[in-house]
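Heads up, the chain shows up twice below as C-alpha cells, two forms, tagged structure 1 and structure 2.
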Structure 1
C-alpha cells in the first residue's frame, strides 16, 4: 500500500491548488491595487492626485493629454482658436452619453463651467478659467468659450479632471459629492474610502470598446503589501510610487513594470529672503555644490532623471547645458568666499515625513553634500500637515519638496514666478525678467516662439537659483505578464486602462 501514498498526496495538492487557480481565470475583472485612495467623489473639488486618477476612469474632460503630453480628443472631437486666441470653439462627440443614458450636450458643458466658476462651489481649478467671459452654445454639440484676452494655455487647462463635464441634472440635484454619473469608460459601482472600489465597464462609451468587464480596486497603503499581492497573483495591476518596491518587480518572474518620467519634480527650495541666501552667489554656490545625480542615486536608487525647471519634454534645454549642473566644489567655495561666507553658515532644512518617501533621504544627502562648503544644516522632519502650513506661510530656510508639474510651463509656474503670483511668498524670489517672460508665454500663440521663451525662463531660473531643481522620478505601473495594453504617461493617468486586455 505504501506506493499509493505519493500519487494520493499529489492529487490532494492538485485539488488544493486548483481551488485557488481557477478563480482568476473565470473573472475578466481587472484586480487593481494602489496605496493612496481617492479623498472624494466631486470631480471639480479634488486636488489629490489619487482622487483625480480614480475619477478620470469615470469622468471625461473636453480634451485630454496623450502619452506624449500632447492634446488629444476626449468629449470634444475637434477644436480651434480664433486668430487672436481670444475664442475657443469645440465640437462634442455626436454619440457621447452619460452613464444614465442621457446624451452629453453643450448645455451640460455650460452648466459644468458655470459651476466651476461659482465661488460657492469651491472648485479647485477655478483660477484657470476666470478668463472666460462668456460661454455660447450655438447648438447641442458646439461650445464656444469667449476669453478676456489671448490665452493659449487655456486649451491645455481644459485637459484636466477638474474640468470634467458633469450632467446639468446632477448639478441641480446636488449629488456630485455622493454619486458618479460621468461619460467615461467605466461606471461607478461602489467605493469604500481607504478600502477599495468597484467599477464596471461602460458598454455605451462613445470613446471605444472596453475589453475588460470592470475594475476591482483595493487600497493597500503599504506598497510592499502591493508587491506581495502581485507576487501571489491576487492583484493584476498596481500603481507603485516607491522606487524601492518598483525595482523589485522586474526581478519577479511573471510580473512586468511600465515606467514613465513624471512632470512633478524634486526640488530644494531656498528662502532667498532670509540671511545668507539673500546673496545670489550663496544660492549659486549651493547649486554648484550639489551632485544631483548622487542624490538621485541614493534617495531614489537612480530611478529618475536629473531635470531643470522644465520637466515636460516639449520645453526647456539640454540638462547638461544648465548652469552648474555638474558638481563643482571649487567654484562653490569660491562663490561662497566672494559672497563673504567663506566659513559657511547654519540653516534649517525642512522635509515632510513620508511625503515624498524620499524626503528624509534627500535631506540627509543634501546635508552631507553642503557640509563640504561649510553649510551646517539641521534637518527638521515635520508631519505633513505641519509642513504644508509652514510651506504655505513661506516659513523655512530651505525645504525639500516634491512639487507638481503641468504639461504647460505657464500653468505650471504661474503660481510662483510672477509678481502677483499666489505662491510668491512660498517662492521667495521674483525679478522683472521672470515676470516678463511668463507674461510673454501666456499671450504668444506661435509654438516655436513659446519654446524659446520658456527655454530662456529656464536658464534665468537656474542662474538666479531661487530654488535648486533636482530631478523627476518615474511613475510606475506593475502588472501580471498577461495584462496587456497599458501605457504609462507623464501625468500618471490611468485612462489607458480602458485599452487593457487580460490574455489568460
Structure 2
C-alpha cells in the first residue's frame, strides 16, 4: 500500500491516478455487507449468529476450529491433557496483547472464566465449564484447568467466541458490553446498530499480519439489495443466508461464492412443559407428521441434508434409522387420538425475521403439514432481538430455530440436555437418561465408547421428541473476484477475513 506524507498537487494527483498509485490505497478497506446486525457486544452473553460473527473478528478464545473443524491455536500456542484427562495445561502466545496494548496473561484467562462461571453474568456457555474445580496460573503465560473428572470435550468447549479471553481490567471496570477490547485481528472503531460498523486492522495482532486496513460493514436487511451492491461494486464481500440469492452469485460475472456444509441445524423446538405438548404421543405425532425433506426443499431449495441431533459425521445414526423420519400421517393421527387430541389443538409458532431468512418459510410449511393432523398453528414473526429474548426466556409454544453446531456432541448439547444446563428453560425437557448419557459422554475417553453413548442419546432425543430436528444447510460468502483468501468453514465463522487480500 502506498502512503503519501503530504497533500498532492493537482498535477501530482493526476499522475498518481494515471499510474494507479491511489487505487490500491482506496481498495485496502474491505467493504462488507450482511443482513443481520449484532444484538450486543458482550462476547460471553451472545447467542445470535450475527453477534458471534461480528465479535469473533475482535475477540479471541484460547483455541479455535479451523476449516476442517479441527482444534487450532488461537491465544494458546499449545496444550496437553494429563493422562487421566482431568487437567488441561495451555501456554499462551508470548507476544499476545489486547487492543489497548496490555499483554494477555494467565490472570486474564482466570478472570475470564471466573466471570463466565459466575451465574450472575448470564454467560451463554457457562454449562461447558462447570467441571472446572480450580484455575492455576504458575506464570504469566501458563494456565492449568483442573477438572472434576475426565473431560476430553473440554478442549473443544474452549473453541468458541463465548469463551473469548477479555482483560481482567475490563471485568473489574464493568465495561464489557459497552466497550470492545479484544486481542483479535481487528479493532473496534464504531458501531451504529442496524446500520453498520467500522473495524481497523490490529497491527499488533500476535496471530500474524492482516493484509487489509480494515472492514467497513453495512447492514442491508434485504439480501437482494446485497446482491445488487455486489454487482455494482459497492460491496467487496458479503455474508449470504438466503440460498436463492446464493445460487445467483456464480451466475454473475465478476463474483464468486464460497460455500461449506455447516454443523448448525434447523429445528422445530417444542415446549414440552406447555399444554398438549406435555404428552409424549403428541410430540411424537408432530415428528411423524412432518416431511423434513419437503421443508428443506421448500425453505432451502434443497440446499442441505435432513439431519438428526448429531450433525457431525463421527457420531450418531443413519437418518433412516431414526424414529419417524419418514412422514407417516396415519401414525401421527393415531398418536394424537391415543393422547386424547383426536380433534387437534391450537398453538403458536414463533420465528425470527431474517435469521435465518428461511424461518418464515419453514414456519409456513410446518403450519401446513401439522394442519393435516388437526394442529392449528398461528405464526408469530418477531424481530431478531425480540425473538432472542423470548427464546432465552423459553416463552413459546413452538419455535423455529437455527442452533449452532460443534464437532463434539457434549460441547454442542450440554447446555440443553443436562439437569443443570444453562438453557434448560429453553429445552423444556430433561430426564434421567439424557442427563446420564450426557455425563457418560463427558467422562468417557474411549472414542468408540463415546460414539455408542451419543448414538443412544440421539435415539432417545428423537423418540422423546422435545424438539424435532429438520436439516443442516450451508454457509455462503460472496465476494468480488479480486478478493482472495477467505475460506468458508463448518461453523460459519468469518474469522478468515483476517486472511483476505484485495488484489486490484
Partner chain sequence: MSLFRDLLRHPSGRIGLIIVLVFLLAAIAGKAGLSPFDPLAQDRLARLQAPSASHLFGTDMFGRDVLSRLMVGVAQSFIVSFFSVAVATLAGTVLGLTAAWYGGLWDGIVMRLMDVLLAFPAILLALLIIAIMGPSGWTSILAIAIVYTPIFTRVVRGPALSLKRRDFVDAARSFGSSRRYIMSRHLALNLVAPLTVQITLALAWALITEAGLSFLGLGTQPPQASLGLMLADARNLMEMAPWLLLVPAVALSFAVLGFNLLGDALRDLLDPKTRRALA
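Just so you know, these numbers come straight off a predicted model, no measurement behind them. Definition used throughout: the rigid core is the maximal C-alpha set that superposes within 1.5 Å between two forms. Positions refer to the first chain, counted from 1.
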**Report entry** Of structures 1 and 2, the form predicted together with the partner chain
**Finding:** 1
**Report entry** Core-aligned C-alpha movement of residue 454 between the two structures, 2 Å or more
**Finding:** yes
Query raised in the report: Taking the rigid core as reference, does residue 185 move its C-alpha 2 Å or further between the two structures?
Result: no
Query - Two-part rigid motion between the two structures - turning angle of the smaller part, in ° - result: 25
Query - After superposing on the core, C-alpha shift for residue 312 between the two structures in angstrom - result: 2.4
